Every structure is written in structure tokens, then in C-alpha cells.
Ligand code: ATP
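Quick setup: one chain, the form predicted alone, written in C-alpha cells, and binding and motion questions come after.
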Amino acid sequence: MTSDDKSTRHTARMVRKKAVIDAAIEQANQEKGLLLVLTGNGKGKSSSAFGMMARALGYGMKVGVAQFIKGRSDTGEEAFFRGQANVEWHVLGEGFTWNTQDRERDTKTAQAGWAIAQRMLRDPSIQLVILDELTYTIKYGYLDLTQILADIAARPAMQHVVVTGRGAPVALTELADTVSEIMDIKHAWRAGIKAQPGIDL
């Protein structure tokens, strides 16, 4: 096959592909606030959520962040985003459950945190709400899944919500508009490399 033949076949394929994509874009004419769930055992769930946060801020949107479980307030993303206009940021945990080892305390902390999340989910001026590591509070029974689903479903019509964390329950993924599962193929930590600022922190 000559170079000209390859170019002709490539052009024909791209014309067909463009027609399919254009038709799909034409049919996608609804506007609504989306619920996105980022789950799975791989690295990058929170990072993806904060990437969407950067996009939202680029459009002048107001963003609310509720970080469950995590207790540290010295991460790179917080250092950068907390100082931005249109950002409301809450660190609502006291550290990972294997550090606190106190179910009653963890439950109270999560419930106090959810009260803050509820307020953001009722505020139409907040156009994106990130519920970081929320799935762990469900897994350990700190928060009631039925209440969480009801609060998310009752949010303002154009408010977007991103939930991150491993093991997202089926009821949450069924309610979601978009679900991404991030796989764990290889991680530097298992090779004895500590968490690196700017990459892991």
C-alpha cells in the first residue's frame, strides 16, 4: 500500500468517525448538575477531583471541598486552592482510621463533617462540591448511606458533586451520572519509596 493510499484510507476513517462523534454531541443537549464518583484502588482519585476543581475555578465557579478521614492540612492542593477566591475548604477528619483507632470519635467527627457538607449541598451559589474520601465513612458505618443519597439527590439542580474514595457502594454508583474506577497496577510506596511532595502530598 502506497503512502497516498494510507492517507486516503485514514482520511475516510476520520470522516466517518467525525460524523459519529458529531451526531453524539448533537444528541447530548441536556444540562444538569452531575454526580461523579471516582473510586477504585489506584492512585489519583482525589487528584482527578482537584483537576475538576481547577477547571471550575477557571470558569469563575464557586467550589466547596469537604475532606473526610484526612486530618492533615499541609497538602499541596490545600496550600494552593485554599488561597484562591471562590473556594470553601474544610478538613473534616482526624486521620486514617488505623491511626485514630476510636470508632466513636471517628463517627462523631464524620457526622459533624457531614453537617458542613449538607450546608454546601443546599447552597445554590456553590456550583461544585467535592466530597473527598467520603466512601470510607460509609464503609465503616460512620455515616448513613440513605441520608447521604437523599442529601445529594436534593441538591440544587445545577450543582455538580464529586465523590472520591475506594469501594464506592452500588447505590451511590447507581445514582451517579459518571463513575470512574481507577486501577492499581503499580505504586512506588510498595517499593519502599515514601510519599513525595507535589506528587502524593
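In this text, all values refer to a predicted model and were calculated from it rather than measured experimentally. Numbering starts at 1 and runs along the sequence shown.
Here the subject shifts to the form predicted together with the named molecule, a form of this protein not shown in this document.
Q: Name the stretch, out of 6-14, 19-27, 173-181, 186-194, where some heavy atom lies within 4.5 Å of the named molecule in the predicted bound form.
A: Of the options given, it is 186-194.
Q: Does any part of Gln147 reach within 4.5 Å of the named molecule in the predicted bound form? Heavy atoms only, please.
A: Heavy-atom contact with the named molecule at 4.5 Å: absent for Gln147.
Q: Would Glu133 show up as a contact with the named molecule in the predicted bound form if we use heavy atoms at 4.5 Å?
A: It does: once the named molecule is placed as it appears in the predicted bound form, Glu133 has a heavy atom within 4.5 Å of it.
Q: If we define contact as a non-hydrogen atom of the residue within 4.5 angstroms of the partner, is His160 a contact of the named molecule in the predicted bound form?
A: Because no heavy atom of His160 falls inside 4.5 Å of the named molecule in the predicted bound form, the answer is no.
Q: Can Arg166 be called a contact residue for the named molecule in the predicted bound form at 4.5 Å between heavy atoms?
A: Arg166: contacts the named molecule in the predicted bound form.
Q: Taking 4.5 Å between heavy atoms as the contact cutoff, choose which of Lys139, Arg155, Lys43, Lys62 touches the named molecule in the predicted bound form.
A: Flagged contact: Lys43.
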